[in-house]
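Next up: just one chain, as structure tokens, the form predicted alone.
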Amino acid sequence: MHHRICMVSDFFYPNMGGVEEHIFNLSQCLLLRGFKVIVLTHAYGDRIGIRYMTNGLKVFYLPLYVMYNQCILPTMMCSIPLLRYIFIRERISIVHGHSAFSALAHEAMLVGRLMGLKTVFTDHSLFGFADTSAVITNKLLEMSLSNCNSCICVSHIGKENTVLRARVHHNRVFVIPNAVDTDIFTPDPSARSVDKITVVIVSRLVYRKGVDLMAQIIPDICARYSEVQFLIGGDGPKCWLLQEVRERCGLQDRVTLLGSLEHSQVRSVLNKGHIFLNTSLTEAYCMAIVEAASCGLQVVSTCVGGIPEVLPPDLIYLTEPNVQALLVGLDKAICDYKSGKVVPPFKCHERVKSLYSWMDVTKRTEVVYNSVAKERNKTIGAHLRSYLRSGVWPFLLVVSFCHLVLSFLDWLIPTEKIDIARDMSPSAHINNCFKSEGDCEWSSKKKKS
């Protein structure tokens, strides 16, 4: 079954993170399997309009106003003409939204459903139930997913969380984990220090990632082991805390802060370490620990969210999310390294390679696409009844108005008057254009026959 898929999220390159990497790798594998894939996101600085990436992946950087934390202003209506035009021009059949925080993803799924397209949503995060922000976010997610065909979560604990907070029926939720490109994240033991034990941390320096725990652990470990040093990659609002600890404890020669890293730099940083430390307070799925294990590092991590599902017990030291437990976990990892009771780097890499593959993730996602493609289209009355289950009556007015706007656009700019974009297969892109390792402008040059 052939599908034309539109990946939608506020989070995409040049922004860096797990969601961005997931969308890019999944899109690349879908292209290689013969599907048409495009990506919709908002403009990043002067990156606006249409760009082409590896294997001819077409990315639309839409001129939408970014309100907060790389998310657009959620108007629900102003983007309808643009989304409708793209969906028709690219002959999209499935709209795949990513991230509960992405307003663009939820708007695109709403428009897609009203146009008769199928929708899939991937949830990459865990949420609480008690604080005000969680209550509001959960209600908005419930409203959006009440009419979504299927949902995908990256861990079983993530599925439980989504079913509870968004009140989605568990039969509509699939569990498909992330993966790692093991061809890129390979071990290089020669890059490690011989006389030092390096603990690597690669993370966004925010509260959710447990930076407060890092700040208490680092001085204690440095006091216990003179041969241990820390290498920290990442940036964020909590960076000042680590800088303060380093200055106060006089650890400038043992704690290195690298700042923000490009994804291409992560492997070289990981290969300098012996142990990888993750102190997250909540995590649906942690790609960083998989990348570290693929590079042959011992992994010490908090036992929260979906992390226990990610790696087998002999490749990870799981601890409770508190200072004392993390110190015990690091002590054990350091002692095991000194005594040689660790999995060799290349053997560790092969284990991860056998567990995770983006092509496997893609095949499992295809099963979801095939299942939603067989579902019948709904009338506007059925759509409204689906949204009514969320209990937010005023939202029905928003949906009704969106339907009227789409009906007006169908009269003003009929579908037959919209030019259909030409499809470009990855093989044609490689043969007729040029090979690329990243973002590139499209070349219109073709080989003469």
Partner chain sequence: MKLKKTYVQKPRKWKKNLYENHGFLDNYTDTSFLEELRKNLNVKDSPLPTIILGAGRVTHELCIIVLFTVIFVYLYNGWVEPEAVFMYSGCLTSLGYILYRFFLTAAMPYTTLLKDLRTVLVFLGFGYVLSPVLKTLTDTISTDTIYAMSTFMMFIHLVFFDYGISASIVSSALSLNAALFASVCLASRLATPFHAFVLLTNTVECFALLPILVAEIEDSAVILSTVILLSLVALCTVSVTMTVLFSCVVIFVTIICPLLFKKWTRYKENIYGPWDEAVVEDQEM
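Positions refer to the first chain, counted from 1. For clarity, every value in this text was computed on a predicted model and none was experimentally measured.
One more form of this protein, predicted together with the partner chain, exists but is not displayed; see below.
The partner is not drawn, yet in the model of the complex one stretch among 348-356, 89-97, 73-81, 253-261 has residues with heavy atoms inside 4.5 Å of the partner chain: 348-356. The single contact residue among Leu231, Ala215, Leu117, Ile334, judged by any heavy atom lying within 4.5 Å of the partner chain in the model of the complex, is Ala215. With the partner removed from view, the residue among Thr198, Thr137, Thr282, Thr319 that has a non-hydrogen atom within 4.5 Å of the partner chain in the model of the complex turns out to be Thr282. Heavy atoms of Glu375 reach within 4.5 Å of the partner chain in the model of the complex, making it an interface residue. Residue contact with the partner chain in the model of the complex: Ala105 places no heavy atom within 4.5 Å of it. Contact annotation for Asn161: at least one heavy atom lies within 4.5 Å of the partner chain in the model of the complex. Using a 4.5 angstroms threshold between heavy atoms, Phe101 stays clear of the partner chain in the model of the complex. The three residues Ser133, Arg204 and Gly391 each lack any heavy atom within 4.5 Å of the partner chain in the model of the complex. In the model of the complex, Leu126, Phe127, Gly128, Phe129 are the residues of 105-134 with at least one heavy atom within 4.5 Å of the partner chain, listed from first to last.
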